[in-house]
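Coming up is one lone chain in structure tokens, specifically the form predicted on its own.
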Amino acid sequence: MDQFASAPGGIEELLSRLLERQRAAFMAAPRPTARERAEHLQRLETAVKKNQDAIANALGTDFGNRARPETVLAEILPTIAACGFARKHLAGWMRPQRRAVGLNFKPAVNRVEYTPKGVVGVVAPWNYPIYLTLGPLVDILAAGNRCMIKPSELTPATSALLAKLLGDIFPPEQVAVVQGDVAVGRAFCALKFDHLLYTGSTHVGREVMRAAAENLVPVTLELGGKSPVIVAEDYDVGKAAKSVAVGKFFNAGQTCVSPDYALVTGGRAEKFAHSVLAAAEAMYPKLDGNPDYTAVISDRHHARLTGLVAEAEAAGATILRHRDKPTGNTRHFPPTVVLNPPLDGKLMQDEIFGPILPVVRTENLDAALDFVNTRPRPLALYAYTNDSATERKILDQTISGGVTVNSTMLHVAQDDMPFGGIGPSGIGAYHGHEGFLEFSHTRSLHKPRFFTAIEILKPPYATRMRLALKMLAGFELK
């Protein structure tokens, strides 16, 4: 049951009160020092370390089965690393920067200062509900802000754990977790935050942006889309297939930067497709009762994935399925490769978000690049090539949020690189220094010394102004 189900005053009023409480606390202490911010991050890091088993258990409950190594690799370790990286660099990030002063304005001082924005709202997804909640929180706290968090209703055990974990280390006027259903989420996105971060689907991202626009709230949208794999002709398809399979079936494909489809030239496409399935069967010899293979989050998502494959098969695609078929009451969806999928079908139009990999034949690299460029800009792009000229061509002739070469998804795990999409795959970026900047206001400061030109060149505009304009701009005032 969500915390607003029987509360008097309605969802909107309760959320507004919480927001005003955080804003009042922020205005009472609007500039946390570097030491204070580092202490907040240390608290968060310590809490995550102490609650590793509880985190893994909660995720296991929500997913039905969540591979514990995947929880450690993709949720716990990157959160701990983000805290440490931010603490190490925080003082340098906060330091004001001197900027050049134009000759016409000297003597003077110019600098930019990085000030907290205030209260930041975070709408977190279900697929990585720890890291995609606490990762942004690291950047938000590093920037000196307060934070309200709305976790996904699809992961209630993890949401409850987050509420307890964060409630134990932060007062609600600093960090607060708001649990609830879709109605609570809509009310949350309509609040007058100083910044709003949403991670999730492009469709819902449009609704979030629309709600934020009513209050002119700046947004960071981490969306998704169909992230392509391009296997160049110089690269061994068997080697590429093993690499792609690791990224594709991690978390059962429920990853925003998961390889969504592969582009492989000519006759090599069939070998690649069979090699991907062989790699999946080697990683997961069985599916039922396999603790290493994560389940699909809900029955609705499982049914959606089943429908995608059925539609492609009915249209004539070749379906390669894992040899082990899950039985009983399970949401394990078998690793599946779809060769020659219909390009107008849902499988090639919608983000898959599951353990299904379409493999598309292309004539050559140019055809693969055209294929990518005639579709919405993806969150990630994966290029497999050992030729530097080919790598450069792929990078120069495509646009995506990020790129990993000869592997998948690893660019997201880099603390000192931004993570974000472009266009339909997202707006803005965070992680590390870019995250600090995303949730900070860059304020300009100009300080004249001794005198200012604006005070000298004031009305009435007479001979002095004419001479000044001629000297400064070569402009003859008539």
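These figures come from a predicted structure and were not determined experimentally. Each residue number is its position in the shown sequence, starting from 1.
In what follows, reference is made to the form predicted together with a small molecule, a form of this protein that is not presented.
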Indicate whether Arg377 is a 4.5 Å heavy atom neighbour of the small molecule in the predicted complex.
no
With a cut-off of 4.5 Å between heavy atoms, is Ser152 one of the residues that contacts the small molecule in the predicted complex?
yes
Is Leu381 part of the interface with the small molecule in the predicted complex - any heavy atom within 4.5 Å?
no
I'd like to check something about Tyr198: if you look in the predicted complex, is any of its heavy atoms closer than or equal to 4.5 Å to a heavy atom of the small molecule?
yes
By the heavy atom within 4.5 Å rule, which residue out of Pro259, Gly224, Pro355, Gly121 makes contact with the small molecule in the predicted complex?
Gly224
Exactly one of Phe250, Phe272, Trp126, Tyr284 has a non-hydrogen atom within 4.5 Å of the small molecule in the predicted complex; which residue is it?
Trp126
In contact with the small molecule in the predicted complex (heavy atoms, 4.5 Å), from 179-187, 311-319, 108-116, 93-101, is stretch 179-187
